[in-house]
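As structure tokens, one chain now follows by itself in the form predicted on its own.
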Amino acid sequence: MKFGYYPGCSLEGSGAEYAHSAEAVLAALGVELEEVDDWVCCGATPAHATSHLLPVALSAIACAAAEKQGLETILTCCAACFSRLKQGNHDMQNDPALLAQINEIVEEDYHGGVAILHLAEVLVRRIGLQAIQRRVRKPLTGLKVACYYGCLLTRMPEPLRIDSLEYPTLMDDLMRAAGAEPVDWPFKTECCGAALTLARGETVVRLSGSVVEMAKDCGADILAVACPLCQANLDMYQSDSESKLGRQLGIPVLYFTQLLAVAFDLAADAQCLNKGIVDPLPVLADRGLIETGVYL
């Protein structure tokens, strides 16, 4: 099984542990990735707020490159990249005039023949939960995981949506296949504050704190995420949230692929467990899932 691969900017930097764990998990499942040639930024959250054409044009560059490489699909991990690429590609595929205009802008000849897939849907619907279960070497038994989808993964128009808007379950299904216990909680798709970290930091502290607090109150040991910005907000601002709330939270925030890498018993450099602010090693070691010495 082979897919075109769009890493995106965050997975090349602040979200590198997402990239390392995702690539290792896919390799363990026999999936081949071919990186899209000369990909550029998807535009993330700012581009579409200022121009309709800009994010579509950025999507077209990646899609045209994949089409030239003979790739039928582009797999991406970041929720923001998925949202922007899928929306832009959908707009071009359903509007011939827009497609012609974008091709002229980016000087490409994209025909609209590429599909955009998120890693979670590839794992669940293309590879399958049974294949995931067969690859598990260290079941995450006893680990209670709150799967956090955030805004961008499911808050899309109906034709583009890959999961329930109100109560998505793709990551929950993956965690259950890995042996963990997904937590039933009401904040799966609440906003963490997104990109307001610089302009309105207090808002991020309040919103991200409420998400982590709800996960804790619902009995979660760990938060699993699929977005580098969500991971940063929930992890980095947790101590600030504790000060505001007047209580200790201490919930590690990991990418769902890191937990799969643990369940697959992959090497420590694939799990990347020593990158977060809130240390996940104690809770994982307590469950007998890791030996902390290898993460120094």
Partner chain sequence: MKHQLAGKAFHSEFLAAVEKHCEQEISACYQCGKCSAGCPVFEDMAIAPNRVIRMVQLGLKEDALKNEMIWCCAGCSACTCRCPIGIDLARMMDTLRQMATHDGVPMPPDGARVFTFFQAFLDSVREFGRLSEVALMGSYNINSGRIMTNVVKAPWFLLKGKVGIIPHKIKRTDRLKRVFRRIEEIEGS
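Residue numbers count along the first chain shown, from 1. In this text, all values refer to a predicted model and were calculated from it rather than measured experimentally.
Not pictured, yet referred to below: the form predicted together with the partner chain.
Trainee: Taking any heavy atom pair closer than or equal to 4.5 Å as contact, tell me whether D38 reaches the partner chain in the predicted complex.
Mentor: Flag for D38 set to yes.
Trainee: Does T50 make contact with the partner chain in the predicted complex, using a 4.5 Å heavy atom cut-off?
Mentor: Contact with the partner chain, yes.
Trainee: Is E242 close to the partner chain in the predicted complex, meaning a heavy atom pair under 4.5 Å apart or at it?
Mentor: Taking the distances in the predicted complex, the answer for E242 is no, it never comes within 4.5 Å of the partner chain.
Trainee: When the contact criterion is heavy atoms within 4.5 Å, does R126 count as touching the partner chain in the predicted complex?
Mentor: Looking in the predicted complex, residue contacts with the partner chain do not include R126, since no heavy atom lies within 4.5 Å.
Trainee: Can you pick the one in A177, C191, A220, L170 that has a heavy atom within 4.5 Å of the partner chain in the predicted complex?
Mentor: So the residue touching the partner chain in the predicted complex, by this definition, is C191.
Trainee: Just one of P46, G30, G70, G246 has a heavy atom within 4.5 Å of the partner chain in the predicted complex. Which one?
Mentor: Result of the distance check: P46.
Trainee: Of these, 129 to 137, 70 to 78, 202 to 210, 110 to 118, which stretch puts a heavy atom within 4.5 angstroms of the partner chain in the predicted complex?
Mentor: That would be 202 to 210.
Trainee: May I ask whether F3, I251 and R287 all come within 4.5 angstroms of the partner chain in the predicted complex, judged by heavy atoms?
Mentor: Checking in the predicted complex: none of F3, I251 and R287 is within 4.5 Å of the partner chain.
Trainee: For the heavy atom contacts within 4.5 Å of the partner chain in the predicted complex, list the residues of 69 to 106 involved, in sequence order.
Mentor: Contacting residues: Q101, E104, I105, V106.
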